[in-house]
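Next comes just one chain, in structure tokens: the form predicted alone.
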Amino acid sequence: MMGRTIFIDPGRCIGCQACVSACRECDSHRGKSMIHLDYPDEGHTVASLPTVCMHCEDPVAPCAEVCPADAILVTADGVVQQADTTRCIGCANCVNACPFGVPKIDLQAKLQMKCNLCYDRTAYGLAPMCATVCPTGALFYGTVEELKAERPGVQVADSFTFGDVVVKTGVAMVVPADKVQWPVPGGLPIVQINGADVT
């Protein structure tokens, strides 16, 4: 996991969409949100899960590996960048390769769009827009030590399984200590809502 990164704590998400609104204001993709809110049990609960790019480390960014135009670059500090607008051909290989379902294709622009960890901010020590506005701390930006100091006993996962493949990520997920399976299966967090496990 990266030194300073986003920690996603799905148990704290209230679905307010402040992160989605703030993401639209990021200078690198003004007007379009690169964060998604997923609803794991829509119609039965109001539970929501923020979905940002997990900045895969091992294997290194499957989205970048399958790009035929080398449009997706990975910075030295592990941030998987949004596609270079001068190189992206809109083929959607990255969309199909991402195990977390993060990249989206802007069909009109024929361009891939995804979270780049607000690199225009984080490269200068500022928090990403989404983490800056999250009222409950469901999106926490910092080091694992800072997270554990603020939330004693917290457990985090940065390895997820998809079939036989284990993906190690630069972004981490907070998981309940009594529900931890390493690595976390399927890439979805194991959370409990109203006494029932939701994956």
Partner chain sequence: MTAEQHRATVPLDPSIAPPGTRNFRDAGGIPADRWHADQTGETLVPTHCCFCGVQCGMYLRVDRGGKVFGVEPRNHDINRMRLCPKGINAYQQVNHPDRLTAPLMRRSRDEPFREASWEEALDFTVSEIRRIQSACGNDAFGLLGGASLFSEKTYLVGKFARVALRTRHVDYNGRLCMVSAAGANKLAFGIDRAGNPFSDILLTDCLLIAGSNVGECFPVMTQYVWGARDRGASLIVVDPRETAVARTADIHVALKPGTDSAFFNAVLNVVVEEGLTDEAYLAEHTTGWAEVRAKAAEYPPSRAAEICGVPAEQIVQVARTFAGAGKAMAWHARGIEHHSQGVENCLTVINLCVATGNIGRPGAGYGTITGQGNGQGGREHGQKSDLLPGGRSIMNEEHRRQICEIWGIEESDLPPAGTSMMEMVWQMQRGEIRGLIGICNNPFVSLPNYRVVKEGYDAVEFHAQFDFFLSETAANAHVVFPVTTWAEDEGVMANAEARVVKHNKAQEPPPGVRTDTWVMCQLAQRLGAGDKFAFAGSREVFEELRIASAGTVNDYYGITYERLEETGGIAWPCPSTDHPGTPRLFEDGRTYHADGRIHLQVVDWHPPMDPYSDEYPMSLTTGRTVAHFLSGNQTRRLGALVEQTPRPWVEVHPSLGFRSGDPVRVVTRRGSEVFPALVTEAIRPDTVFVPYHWPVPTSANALTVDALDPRSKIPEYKVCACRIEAGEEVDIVPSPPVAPGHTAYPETQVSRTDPLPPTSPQGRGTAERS
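Keep in mind that this is a model prediction, so the values were computed, not measured. Positions refer to the first chain, counted from 1.
Only in words, not in the display: the form predicted in complex with the partner chain, which the text now covers.
Although the partner is absent here, L126 lies within 4.5 Å of the partner chain in the model of the complex, judged by heavy atoms. Contact between Q155 and the partner chain in the model of the complex is not found at the 4.5 Å heavy atom cutoff. Taking the partner from the other structure, the partner chain in the model of the complex has a heavy atom within 4.5 Å of a heavy atom of I14. Taking non-hydrogen atoms only, E42 approaches the partner chain to within 4.5 angstroms in the model of the complex. Residue heavy atoms within 4.5 Å of the partner chain in the model of the complex occur in exactly one stretch of 155-163, 132-140, 169-177, 55-63, and that stretch is 132-140. Residues K104, D120, R121 of 90-122 are found to place at least one heavy atom within 4.5 Å of the partner chain in the model of the complex.
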